[in-house]
Every structure is written in structure tokens, then in C-alpha cells.
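Okay, here we've got a single chain as C-alpha cells, the form predicted alone, with questions on binding and movement later.
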């Protein structure tokens, strides 16, 4: 019971890291996705390179570089903001590709019709293209959120007191190597199950809408 209560006390930190990193990534991903569809080849190339780096470097390595590299010489920051920024940048790379997939799913005729009607770029994106692309991207975004919830455990390596940090401390101090980790696994399942159900519901609902 003691292990469970200690792990439960760390859940708010895990959720804060997960949702803050997701929100940061969702915003940064917008210009990245736009750059991937730019009319200028150099912009597309640079943007693709940035996305490949963000997606290609393992999360734990990226967080270490930000915290121990940038944090020690250029910017001094606490583990929590370093964790959120690190995972947020990684999220941006993945979400940019999810956004791009949503944009590619919109029929080219929608772009041509908007241009024929003389709509501005802002109106075209906000009223015509954006809602359709976002509808396609939502299931992928929720799936990435579930993955990010699990990946948030790596920020324990830089001292953020989330679920895995508290679990490891409990295991070392009590000598019970297995029990705290079993409890932590159950807590992660309890947190991820509603998101998985939401993802399946959205996928079913949006697929039905497209068939209709």
C-alpha cells in the first residue's frame, strides 16, 4: 500500500510532463508541417532534415543533450522544464508528420476550389483544408499521446520526480525489486487505457463520417 500511495503521488508530474510536452509539440509541428509542403525546395529540405533529426534521435539521448549539454553551459534550467522541452521537440517531429499525412488526405480539388473562389490562404486553411486535415490527424495524435505517456518515464534519468523516479527509489530503499515496478506498470495501464479507448472511439467515429 505504501508503494502504491508513493507512486500515485507522482502521477500528476507524469501527466504534467506528458500533456505539456504534447501541447508544445503540437504548436511547433504546425510550421514544420507547413515547411514540408512549401513551394521552395530548400525550405522543404531543411524542414525534412529537422524532422528527421527530431524523430531519429532516441528520446533519452535528446533529453540528456538538452539537460547536460545545453543546461550546463548555455542555459541553466531545472529538470522539469528541460524534460518538457526535450519531449516537446521530439513530439513536434512526430506530430509534424501526422499533420502532413492529414493534409495529404485532403483532395487536391479542395485546394483548387478554394483558389477558384478567391479565398485567402488563411481562410482556405482555417475554413476548408484545416478542419478536414485535422479530422484525419486526430486518431494519430491520440496514438502519439499514448506513446508519449510511456516515453515520459525516461525523464526520471535527469531527476524529474515522476512515476519511474519514485518507483526506482522505492525499490532501492525497500529492497523489493519487483513489487514497485509491477504497481508502476499497473498505474501506466490505468492511465493509458482511457486514451486508448478514446483513440478507438475517434477512429470508429471519424471513419463512419468519411463513409457517410
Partner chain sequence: MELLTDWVEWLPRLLSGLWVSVQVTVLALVIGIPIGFVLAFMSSAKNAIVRWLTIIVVEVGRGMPALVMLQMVYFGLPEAGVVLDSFAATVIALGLTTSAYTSEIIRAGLRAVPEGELEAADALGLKRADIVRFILIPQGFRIALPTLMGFAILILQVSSLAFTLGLPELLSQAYSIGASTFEYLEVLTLAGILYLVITVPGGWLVENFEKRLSKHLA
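Here the structure is a predicted model, which means the values were calculated and not measured. Residue numbers count along the first chain shown, from 1.
Here the subject shifts to the form predicted together with its partner chain, a form of this protein not shown in this document.
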> Three residues, 28, 117 and 130; all within 4.5 Å of its partner chain in the predicted bound form via heavy atoms?
Replying inline: no
>> Quick check on residue 55: any heavy atom within 4.5 Å of its partner chain in the predicted bound form?
In response: yes
> With the cut-off set at 4.5 Å between non-hydrogen atoms, does residue 189 touch its partner chain in the predicted bound form?
Replying inline: yes
> in the predicted bound form, does residue 40 have a heavy atom within 4.5 Å of its partner chain?
Replying inline: no
> With the cut-off set at 4.5 Å between non-hydrogen atoms, does residue 159 touch its partner chain in the predicted bound form?
Replying inline: no
>> So its partner chain isn't shown here. In the predicted bound form, which residue out of 166, 145, 154, 32 has a non-hydrogen atom within 4.5 Å of it?
In response: 154
> Who in 39-68 is close to its partner chain in the predicted bound form, meaning a heavy atom within 4.5 Å?
Replying inline: 48, 52, 53, 55, 56, 57, 58, 59, 60, 61, 64, 65, 68
